[in-house]
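As structure tokens, one chain now follows by itself in the form predicted on its own.
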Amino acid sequence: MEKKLILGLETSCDETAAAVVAEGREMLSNVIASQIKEHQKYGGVVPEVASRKHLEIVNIIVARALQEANCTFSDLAAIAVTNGPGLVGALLVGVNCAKTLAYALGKPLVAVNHVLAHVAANYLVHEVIFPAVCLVVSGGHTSLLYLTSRSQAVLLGGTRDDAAGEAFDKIARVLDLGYPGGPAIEKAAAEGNPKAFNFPRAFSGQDDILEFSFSGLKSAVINNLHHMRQKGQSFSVSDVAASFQEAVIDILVEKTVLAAAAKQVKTVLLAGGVAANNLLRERLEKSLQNDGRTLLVPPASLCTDNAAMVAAAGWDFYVSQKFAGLDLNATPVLDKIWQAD
């Protein structure tokens, strides 16, 4: 019996991606066209530019994904696409491409939540024992989820303002470190003193709040730099980067450990672009090991936006026949993290 293949599409931000995954686990192709160079000169993603770039290349990326997977459209069982959250114009490119393919090919259409797709990156490389807790941390999201199965997740807490990755990008811009901010901050921080500045940790020590806030931290860094510059004081960019990164990681680790203890799970997943940060991985793994828990993390290539994670997440809804209609629309703010079985 031949394996069922899912074509995944991802255009929620500035990566145009398509992938073919067999039965939610076996990655046959994972093609990503990054727009980093187009957005670097602006210090961040420009929505209109992102949308246009998606339009220019999405069909090419889909064709390449099929070619690398050595399959054709007729071999596909379904089309899975990220429909939110994300940039509405960017999302629309992927959604309309997926709807067109589903209609023309007579294949089922599966709508995938971008946050749930990040979680599913783990399923491509790990056997996950449920229940589990997952920290999804990226440029657009900082969320703690309680997972009861591959397709069911409950939101335990999220950010009340900026996502951690967004804060990384903004502080990197203030420090003239370039875009994307996450890797730039991590590289600069490696040469700095994480104790040089005592930046605030929002909600730290409040065991009953599994939520995050990074706007105050971001403002504290910017204000400190502004005051030092006004007074003509010199400072080490590496020290600022290290102290900022330390503050972000402290609160991410603290809240994730609290969530794992509250739900009494043995397994914790890490996902999203910021999950590629080596210090976050090391600190979280060590803290969880102290409590006898295991941390699972995808390789860095699957932490950033990609379509293999979309296809992996889409598999579970294909199996349970949770299909979307051709009236599917892009939803820039998607409140429900999960789709119940």
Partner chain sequence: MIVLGIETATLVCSVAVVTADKMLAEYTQQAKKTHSERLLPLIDSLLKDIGLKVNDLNGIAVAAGPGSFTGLRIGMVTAKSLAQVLDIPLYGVPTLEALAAQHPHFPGIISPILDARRKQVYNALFLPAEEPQRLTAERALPLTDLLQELEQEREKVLFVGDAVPVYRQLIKEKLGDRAHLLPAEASICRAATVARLGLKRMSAGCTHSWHDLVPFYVRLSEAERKYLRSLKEGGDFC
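Worth saying up front: this structure is predicted, and the values here are computed from it rather than measured. Positions refer to the first chain, counted from 1.
The same protein has a further form, the form predicted together with its partner chain, not shown here; the description that follows concerns it.
- In summary, among the residues 242, 97, 268, 145, the only one with a non-hydrogen atom within 4.5 Å of its partner chain in the predicted complex is 97.
- Just one of 69, 302, 288, 62 comes within 4.5 Å of its partner chain in the predicted complex, counting any heavy atom, and that one is 62.
- In the predicted complex, its partner chain sits beyond 4.5 Å of every heavy atom of residue 280.
- At a distance threshold of 4.5 angstroms between non-hydrogen atoms, residue 28 is out of contact with its partner chain in the predicted complex.
- At the 4.5 Å threshold, heavy atoms of residue 321 stay clear of its partner chain in the predicted complex, well away from it.
- Using a 4.5 Å cutoff between non-hydrogen atoms, residue 328 counts as a contact of its partner chain in the predicted complex.
- Here the marked residues 48, 101 and 104 all reach its partner chain in the predicted complex, each with a heavy atom within 4.5 angstroms.
- Stretch-level contact analysis of 190-198, 89-97, 120-128, 226-234 against its partner chain in the predicted complex, using heavy atoms and a 4.5 Å limit, identifies 89-97.
- Within 4.5 angstroms of its partner chain in the predicted complex, the stretch 29-56 places a non-hydrogen atom from each of 41, 42, 46, 48, 49, 51, 52, 55, 56, taken in sequence order.
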